[in-house]
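Next comes just one chain, in structure tokens: the form predicted on its own.
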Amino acid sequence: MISKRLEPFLPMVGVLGLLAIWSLATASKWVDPVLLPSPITTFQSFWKGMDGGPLGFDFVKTVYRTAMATLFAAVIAIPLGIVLGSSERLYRSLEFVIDFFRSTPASAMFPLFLVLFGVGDETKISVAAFGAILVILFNVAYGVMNARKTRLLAAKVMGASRLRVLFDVMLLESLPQTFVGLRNGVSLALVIIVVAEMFIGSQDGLGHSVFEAQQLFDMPRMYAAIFAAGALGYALNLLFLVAERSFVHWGGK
């Protein structure tokens, strides 16, 4: 049985396993070292790029675009999700539109947003926000609709007004599902931003760094940029998870 002292280090098992397989594959030349450089070479390139190199600047640009897209999505989707979730008939009347666009790959919307906003940060941020809005909206609405009936009935029996039930019961009950939506939304926004940086005339960002390194056949730099994007996604998800545990301590109780 694993000691509780070692439990915080369990996530490192997967990391060490991945590094071991990666090192073995390159050392034994199962794959061409030119196409897949060793972990040491890749992390040297990562450190060089982040320590005053262009990768650090690209990293900051991607963080900025992802944060802006998630912020816009949250500001629009959370109030809208609460309104839709508080009226099941209203949500059902719009369910087809929400599910239709939620099932449509956001990358397919690039041409439309290019026509509307042109080539620039506005297009990248708006497409990413569009994709994140639908994910957050869906989760918030379902969180409100699935608020525990016993608490709703208790509030109504005690004479709480409709507005107070909405904000003091439904809104709090929906917070766990809202954070699930925010975590999924920020991950989706990061994916869309990186893809947009690769293919929509971008001059910076991690997607641009990956694409440019691949075109120049600079494999260590390409894998360093991919690692930076993965680390950013993990950090953003962890940030929202910590916030969820801090603010929604009653979740599931």
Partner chain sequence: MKRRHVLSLIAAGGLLLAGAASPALAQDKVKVGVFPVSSSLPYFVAVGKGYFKEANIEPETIRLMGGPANVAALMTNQIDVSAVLVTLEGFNANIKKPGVAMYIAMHSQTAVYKMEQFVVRTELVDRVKSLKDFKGLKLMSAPGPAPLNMAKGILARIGLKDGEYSIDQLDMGQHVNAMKAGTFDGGFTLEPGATIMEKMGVAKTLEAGVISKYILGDEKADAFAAGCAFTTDFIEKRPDVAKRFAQAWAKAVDFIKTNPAEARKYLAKNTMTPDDLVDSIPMLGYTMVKDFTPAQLGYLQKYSDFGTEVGVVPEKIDVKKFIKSF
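Please read all numbers here as calculations on a predicted model, not as lab measurements. Numbering follows the first chain given and starts at 1.
Same protein, other form: the form predicted in complex with the partner chain, not shown, and the subject of what follows.
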Review point. Quick one: which of 186-194, 223-231, 210-218, 47-55 gets within 4.5 Å of the partner chain in the model of the complex, going by heavy atoms?
Key: 210-218
Practice item. Using the partner position in the model of the complex, report whether S202 sits within 4.5 Å of the partner chain, counting heavy atoms only. Key: yes
**Study point:** Contact test in the model of the complex: I40 vs the partner chain, heavy atoms, 4.5 Å
**Key:** no
**Study point:** Contact test in the model of the complex: P79 vs the partner chain, heavy atoms, 4.5 Å
**Key:** no
Check your understanding: Is V115 close enough to the partner chain in the model of the complex to count, meaning some heavy atom within 4.5 Å?
Key -> yes
Exercise for review: Taking 4.5 Å between heavy atoms as the contact cutoff, choose which of V75, L94, V119, L153 touches the partner chain in the model of the complex.
Suggested key: V119
